[in-house]
Every structure is written in C-alpha cells, then in structure tokens.
Ligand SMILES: Cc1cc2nc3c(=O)[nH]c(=O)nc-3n(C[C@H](O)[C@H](O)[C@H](O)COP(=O)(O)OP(=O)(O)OC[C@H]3O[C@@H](n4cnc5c(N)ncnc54)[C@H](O)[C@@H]3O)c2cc1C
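Shown below, as structure tokens, is a lone chain in the form predicted on its own; questions about how it binds or moves come after it.
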Amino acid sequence: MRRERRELSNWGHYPTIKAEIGYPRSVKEVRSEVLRHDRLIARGNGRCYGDAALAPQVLSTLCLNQIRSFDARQGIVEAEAGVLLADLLDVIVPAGWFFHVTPGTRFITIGGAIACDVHGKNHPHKGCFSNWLLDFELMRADGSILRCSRQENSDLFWQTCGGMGWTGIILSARFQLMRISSVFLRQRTLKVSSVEALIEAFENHRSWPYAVAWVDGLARGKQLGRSVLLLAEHIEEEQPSALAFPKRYALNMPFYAPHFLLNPAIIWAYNQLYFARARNGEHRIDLEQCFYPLDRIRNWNRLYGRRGLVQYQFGLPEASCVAGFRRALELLHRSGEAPFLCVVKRHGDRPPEAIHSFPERGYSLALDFPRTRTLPALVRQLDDLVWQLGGKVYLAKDACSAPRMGRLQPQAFAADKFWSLLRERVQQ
C-alpha cells in the first residue's frame, strides 16, 4: 500500500498539518491500516473547509473508487466511499437520474457526503443526503465491518450521518436517486433590497424546490442585506431526449493570488457589478449552471492567496434569523473584514433521528473571508451572537469557532480510534 508524508490541508488551506497518508486499495488494506494505528481519520477529496479530516495519521479513501452497481430501473446506486459525485454523474444522468441532494461541488466523495450529511438548495423539500441513504458498510476500530441502515444498526447509522468520520471508516454505500427527464431547469431571479425583504421573498416562494440567495455582504444602511434570490425547478419533458451531464471548459487558477487581491475595495466593486447585472425574470439553465457554478474554475480557492480562506456558516431558527443576520452583517462591517461570498439558504424540519445534521428549521448564512490576522476576533463575536440566538455552525466548514458551536458532543462517540483536529478542538 502506498504511503506518503506531506503537509495537508483542506479546501480553505487553513489549518495545515504534517500528516502520514495511507492509500488502501482494498478492504484488507483498510483493515490493516486501521489496526496499525492508535488514532487516524478517514479523508475523501479534502473539499471540506476547516480542520475536519486532518490528523497526523490519515486514511485516504480515494483509491476505493469503484461503482459496484447501478440499477437504472429503480435508480439505486452502490458505490465505494472514494467515488466522487462527478464520477457518478457521467453514469446516472444519461440513464435519466440525478441526486436528490447535492452540495455546491460535485468533487466530493460519497464517504464525505455521509460523514458531513451534506445538504443543498432544496433542504425544505428533500432534506440532507441521509434522507436518501439506504445503507452503508462501516469498519469499526477492531477491523470488524457492520452494515448500517435504518433497520440494522440504526443507532450507528444515524451517529455516522453527520458524525464527521468519528464512528469508523465508511467503505461503501447504497442510496436512492431522483428521476429526471431533462438536464435543464427553469430559474427565476429576484432582486431584493434588504434582509427583511429577502426572508419575505423566501417565504413567498416556498413551493420552488430550489432556493438560494447571493447577499451583498458590504451593503450598508437601508441596503443592508440586499440580495439576489435564485429559484429553480426541474423542467419535465414528455418525450425525453438523450441526456448527458453538461460540461464546459473549466478555467484554472494556476497560482496563489497575492493576499491583497481580495481587498475590501475589490470586493465592494465586485458586489456592485454582480447586483447591477442581475435581472429579474426567468430563463433556462442546466444542471452544471444550477448546482455547480464554482466547479467551472479549478482551484478557485487559490484566489484567496496562500493564507487561505475561512468560511463561517451558521444557522438560526426562523424566529431569530432576520435580526440575527442583520446583527451579523453589522458586526462584520464594524470589524473591517470583507466577505467575498455571502450565501443564504432556507432549511426545513430536521428528522429527529438525524441527530448530527447541521440544517434545522430556519435559515443559514455562509460567509467566505480571506483569512487575516484579525478575523478570529470577528469569529468570536459571531460565535457569541449565534449562540445567544440558539444557532450553530456547520462543522464541515468550521476552522476556528468555539468548541460548543457545532452543538455536537464528541464524547458521545465511544471509539477514540477515529480522531481528527476537529474532534480534538471540539472536545476541549
């Protein structure tokens, strides 16, 4: 089995750790690696942002990349943990299927989707990835393998969904797909002038399956929280033509930008241009444009420079989201920090069994900041605000929040074998 020792970080390039990484190609090699180490953590494609899946000893699942089966009639796929969503799209879309739930990048692994219990733009309608997960194979600390589902080892099933890899090594999974008859969607664009108007627009368009909003994080005064709300629904064709996942030439960011590139003045100008170019109305877009727009720029995280980026994504209950978002934006204005990207999503009810899923009924706000020396001070202020309002942060994106902010108890995970920097920080 191949091993290497190198500096390792996730998509945010912060933090960085020196790690030994093993690349098992079989269940036998996975078991050997698990038994060889006192502590280790499984890692997929490294598309989480903070310190999840970082540890001195890492087991990469990327070589466990076989699609074991695909039932094109029932829309059920079984794949090993290291298979990327991107790999599956080339197989399932031509057969008329798509994911019920997908995050904003197709370059995550199946194992990572389960460990983070990812969500998308349609949580009120479809929930998280776990809603469509049938079962998975999990290797425990002693090398034994359990099949987990809602009926079999159900406690471990729900402990693993959103459990950040702390229950064991996910080897493979089966999940249900969604039938589609077209690769196109109808998108409606709505420009709104404030935080209050944005939440009202979300509420008035609850019937749309997909909803997400870009927010001008630097707008102030009466324009505080001005936004562009994007709604979408699949187009249904009575006589479906041949389907193929649409792919365009991807640009590449070949180097790390200088750290001063994304300064407040540049971000302000970008926001002005984005809001001005947005037009109310409807038009047709395809699957890639709707779900994976950032994937069209390879290595886009390098735009933030070698210091990296920190995403602060937090959710608030419905009752406190308007006041909470307004206060959060006012906090960052006073701090002088400038988020390059601000995104709001609406969340529906969380199934009671999904104890570790991030989304709960309400709204979330994600803020992407160039990492600066003064950013931790703002994070502490945001933590206090979010905690007071009954909210929490998304651990898949967290890099430097207070331990309590994920509202998850690592002590509840019995095995100390599966350990990451995130677990160590949250358990302090």
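None of the values given here were measured: they were computed from a predicted structure. The first residue of the sequence shown is number 1, and the count goes up from there.
Although it is not shown, the form predicted in complex with this ligand is what the next lines describe.
- Residue in contact with this ligand in the predicted complex (any heavy atom within 4.5 Å), chosen from Ile41, Val393, Leu367, Ala399: Ile41.
- Only one listed stretch (105 to 113, 87 to 95, 321 to 329, 227 to 235) carries heavy atoms within 4.5 Å of this ligand in the predicted complex, and that stretch is 105 to 113.
- Within 4.5 Å of some heavy atom of this ligand in the predicted complex lies at least one heavy atom of Ala52.
- Interface membership of Lys345, defined by any non-hydrogen atom within 4.5 Å of this ligand in the predicted complex, is confirmed.
- The closest non-hydrogen atom of Ala81 lies within 4.5 Å of this ligand in the predicted complex.
- The shortest heavy atom separation between Met164 and this ligand in the predicted complex is within 4.5 Å.
- Taken together, Gly75, His123 and Phe245 are entirely out of contact with this ligand in the predicted complex: none brings a heavy atom within 4.5 Å.
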